[in-house]
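Presented below, as structure tokens, is a lone chain in the form predicted alone.
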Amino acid sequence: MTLKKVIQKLVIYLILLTWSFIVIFPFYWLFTTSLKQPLNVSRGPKYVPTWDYEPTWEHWEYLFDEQKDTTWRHFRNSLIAATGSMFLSVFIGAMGGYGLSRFQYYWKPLKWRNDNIAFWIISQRFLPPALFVVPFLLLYTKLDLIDTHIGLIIAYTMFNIPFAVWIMRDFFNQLPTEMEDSALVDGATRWGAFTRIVMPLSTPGLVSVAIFSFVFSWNEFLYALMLTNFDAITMPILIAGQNNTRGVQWWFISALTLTAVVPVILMGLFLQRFITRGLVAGALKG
């Protein structure tokens, strides 16, 4: 190996290590803060447990012992809303993307074809979500969907569908149609070819859409704040509401925040290869 290649590898590893430190350090800071007594937090930066300060697990014990019912209720609300929206977004997005990929549409009034329709769908994500808060409040009040899981699932699904359709449509464009045509010739229905052939081949795209839909729904704050008041409050609202008469308790908020990000981190770690493959395929136009 030449000296030039050695230097190139060292530079690459140095960049990767630096970036890894930048990404991981906030989580390490949250964890160490969750182990500090209030006095240690106020005294300034202390990085190494046991060395710089005496760690304590009392904040975690408080979170999962004294406040376990509250913690679990909000965690469950986030899980229900995010999971429900994820499945609906993947299902509707896959069908919409498949239709735009395999059939030719023409809307005569505006002379729109598939590309125009697909762009109109993704353009719905250009609009700021805050623009629709008042209409949602009025409609949900009329339909009695305020502070319900189904209300959050519907709202999140509506925001996830444009992204899901756009990614799945471009992903399906990369798949050859020969196997579908063979299945149709052998007597399979269009739905059978879609579920038995196209969907298994589209796993990377489906998983990519599922993860991004889940992450958006899990982290969403504005609509969870406006459309819930007790029964369906999610984790972001619980974390944001930790101010009290004694001030902001950073040690408790750190433990709560780590609890909230664990599901997303685990999904990313286990399914990262699907994310990359799905985004690369979805970024190519057929």
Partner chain sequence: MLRRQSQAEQPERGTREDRIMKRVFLSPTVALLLALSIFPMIWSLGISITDMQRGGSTTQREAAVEGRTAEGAGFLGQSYSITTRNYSQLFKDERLHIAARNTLFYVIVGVAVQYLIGFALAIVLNQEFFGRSFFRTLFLLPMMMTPVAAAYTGRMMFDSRVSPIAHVLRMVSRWLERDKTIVAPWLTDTDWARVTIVLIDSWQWIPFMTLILLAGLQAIPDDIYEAARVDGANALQLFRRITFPLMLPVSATVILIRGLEIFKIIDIIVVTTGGGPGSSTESLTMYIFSVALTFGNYGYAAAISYMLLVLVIIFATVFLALVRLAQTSRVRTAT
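Numbering follows the first chain given and starts at 1. Bear in mind that the values here come from a model prediction, so they are computed numbers and not experimental data.
The form predicted in complex with its partner chain exists for this protein as well; it is not shown, and the discussion that follows is about that form.
Site annotation in the model of the complex: the residue of Thr71, Ser78, Ser101, Ser202 reaching within 4.5 Å of its partner chain with a heavy atom is Ser101. For the marked spot (Val134, Leu139 and Leu269), a heavy atom within 4.5 Å of its partner chain in the model of the complex is present in each of the three residues. By the criterion of a heavy atom within 4.5 Å, Trp120 is counted among the residues contacting its partner chain in the model of the complex.
A residue is said to contact a partner when one of its heavy atoms sits within 4.5 Å of a partner heavy atom; Ala240 meets this definition for its partner chain in the model of the complex. The shortest heavy atom separation between Thr33 and its partner chain in the model of the complex is within 4.5 Å. At the 4.5 Å threshold, heavy atoms of Arg125 reach its partner chain in the model of the complex.
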